[in-house]
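Single chain ahead, by itself, as structure tokens, in the form predicted alone.
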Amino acid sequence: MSDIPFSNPGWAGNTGEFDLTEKEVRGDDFVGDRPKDGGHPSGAGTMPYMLVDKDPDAPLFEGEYRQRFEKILTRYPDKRAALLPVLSLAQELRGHVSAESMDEVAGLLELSPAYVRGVTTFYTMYNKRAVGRYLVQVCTNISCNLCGADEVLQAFLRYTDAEMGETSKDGNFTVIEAECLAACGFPTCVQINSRYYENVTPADVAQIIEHLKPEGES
């Protein structure tokens, strides 16, 4: 058995000719270091990760993040087309996309603030207010709902001591419902920051939360 909090008996176990363990296939972290400058321009706009550590006051964009921003612009015919990855980059830095961030992005891309706000508020993937170190999204759509998603959601709220949509007092967790996480074959699915946890049951929640808490906290 894997020592990761969750093991998925599905595709993750199909290690093929590489003879990898499930831990090596799924991993507890992303493989390798993600360069802040985005690496090759072709991949610069495909890094919309939710980081654990966030800085709401971080500048948009300086140093290596400015390099990534410039690389993103080279991949699109005009600046407006780069809006989504640039919003993702702002969220990676600050943890959410505030009204002030929207206005700054509008200026950088030479767009109207109203246009940027209309796009940002359309997508649920952009947090419009600050969230905890870990954003817990529990899918409650039909497949997960039939397999106990409501109970899983309540367990997360209980073990994080958080209210729905609010951040726990320790600042570690924000718990929300997700309409669908596109993992209907492995209900209940939970997304925590940029990682998926599949086949989650209420009995699993305490172990997940304990695994995520900063060292020394209980």
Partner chain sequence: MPEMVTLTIDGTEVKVPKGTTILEAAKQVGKVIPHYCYHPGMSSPAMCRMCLVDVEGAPKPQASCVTTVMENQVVDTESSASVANRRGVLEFYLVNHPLDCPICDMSGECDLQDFVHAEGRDHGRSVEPKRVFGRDDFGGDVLFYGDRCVMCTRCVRFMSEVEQDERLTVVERGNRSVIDTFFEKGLDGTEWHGNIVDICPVGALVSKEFLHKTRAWDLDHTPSICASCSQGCNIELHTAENLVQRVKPRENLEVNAWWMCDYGRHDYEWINHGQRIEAPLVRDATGSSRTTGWKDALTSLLEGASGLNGTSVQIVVSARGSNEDLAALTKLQDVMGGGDKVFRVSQADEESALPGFPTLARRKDLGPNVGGAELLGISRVGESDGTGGLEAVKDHDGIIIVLGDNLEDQDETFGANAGLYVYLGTHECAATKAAHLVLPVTTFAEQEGTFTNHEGRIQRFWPALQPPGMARPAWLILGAVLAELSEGVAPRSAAEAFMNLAEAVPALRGLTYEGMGLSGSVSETAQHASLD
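Residue numbers count along the first chain shown, from 1. Remember, predicted model here, so these are calculated numbers, not experimental data.
Omitted from view is the form predicted in complex with the partner chain, to which the following refers.
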Taking any heavy atom pair closer than or equal to 4.5 Å as contact, tell me whether residue 99 reaches the partner chain in the model of the complex.
yes
Going by a heavy atom distance of 4.5 Å, is residue 115 a contact of the partner chain in the model of the complex?
yes
Applying a 4.5 Å heavy atom distance criterion, does residue 129 contact the partner chain in the model of the complex?
no
Is residue 121 one of the residues lying within 4.5 Å of the partner chain in the model of the complex, judged by heavy atom distances?
yes
Within 57 to 79, which residues have a heavy atom closer than or equal to 4.5 Å from the partner chain in the model of the complex?
none
